[in-house]
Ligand SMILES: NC(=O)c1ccc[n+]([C@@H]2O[C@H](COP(=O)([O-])OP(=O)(O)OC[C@H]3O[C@@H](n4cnc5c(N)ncnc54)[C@H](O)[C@@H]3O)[C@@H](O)[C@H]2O)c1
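To begin, one chain is listed below as structure tokens, in the form predicted on its own.
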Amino acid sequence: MSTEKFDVAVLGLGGMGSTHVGAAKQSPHVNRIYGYEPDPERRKQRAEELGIIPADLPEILANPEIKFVSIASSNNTHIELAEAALRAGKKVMCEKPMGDTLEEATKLIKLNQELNGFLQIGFELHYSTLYMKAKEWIDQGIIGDVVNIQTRYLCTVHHAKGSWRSKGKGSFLIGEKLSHYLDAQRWFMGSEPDTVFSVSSPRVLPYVEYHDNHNITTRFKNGGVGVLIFTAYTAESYHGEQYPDLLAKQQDDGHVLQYLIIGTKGMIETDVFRRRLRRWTFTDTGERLDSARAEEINYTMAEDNAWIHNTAGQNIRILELVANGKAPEVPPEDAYQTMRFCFAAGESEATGKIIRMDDLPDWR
């Protein structure tokens, strides 16, 4: 199949933006790479550091050679930049969340549909080997019907007090951080949430206005149940020290990022800090149900990015889709359902009520 080469622009040149630039440099479909930051001096500095071309936003939007725009800026700018890029005829990849409100996200979806545009929201676990392999086992029916998903994520806050991430309020971390893991619960369960109940205990982090812990329980429409437990402070703090193998250090210092995906015929465990994917089988012996470990896959430090959070691989794949004129693999309509899921958890914490998903706005 013949493919097209084109210029791209990355909007937002912070840590995530540098990952987007790196992915564009690896793509065989990319010619020139432009970079945008609202502050001209920072734009120039970061573009020089990343080896790309600095450009202001009107210049990027008006340049017909720039076919693709990648949005890696702060959350509150996503809607504005995505709308501008779509109206300018660009193909767009945008980091989550889609917007600050469901109404904003609905307008973005409808604009994309009206323009017959290309818009994919960044949920890179769909491209990360650890979770792709788990999903492959589920789809093969190896563990039967998924009935229960338990997710534990215990970490340490890593951003400084003055960063934009430290200024979020209320249920900020659900959309900012936990949306990946709630999205994966939807993906693994193969069903949409029906009811959501979430609670948070008093904050341990005194300098933030958001809840620094979450306990989210979900009943899905197929009857399955999901639980996500998160804390932002229990693991040992990391200050950029040099470790030959950071994950090996973190696996025993309080860090946990683990799924237990339980089916009627077996179970799958994903364990990030132990670099491990395991599978159990359940067998009816006539006397009892026997559970036995059936398979284990381990990966190396060199494979961490591809297995755990494959943002670069996701972006390279999206550029391939654009070059070949294909549609997004994770369309914005699907990403919106994860956004609704996050909003339901936040509303439950704010009101103390069980939230029925059917009571929340939908984009349709």
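No experiment lies behind these values; they were computed from the predicted model shown. Numbering starts at 1 and runs along the sequence shown.
We do not show the form predicted in complex with the ligand, though everything after this point is about it.
Contact with the ligand in the model of the complex, judged by any heavy atom within 4.5 Å, is made by just one of 129, 77, 156, 281: 77. Exactly one listed residue, out of 272, 81, 232, 134, brings a non-hydrogen atom to within 4.5 Å of the ligand in the model of the complex: 81.
In the model of the complex, the ligand sits beyond 4.5 Å of every heavy atom of residue 187. For the chain shown alone, residue 72 is a contact residue for the ligand in the model of the complex, at least one non-hydrogen atom being within 4.5 angstroms. In the model of the complex, the ligand sits within 4.5 Å of a heavy atom of residue 11. Shown alone here, residue 42 lies within 4.5 Å of the ligand in the model of the complex, counting heavy atoms only. Look at 261 to 269, 287 to 295, 94 to 102, 207 to 215: in the model of the complex, residues with non-hydrogen atoms within 4.5 angstroms of the ligand sit in 94 to 102. Residues of 16 to 38 lying near the ligand in the model of the complex, listed in sequence order, are 16, 17, 36, 37, 38, the criterion being any heavy atom within 4.5 Å.
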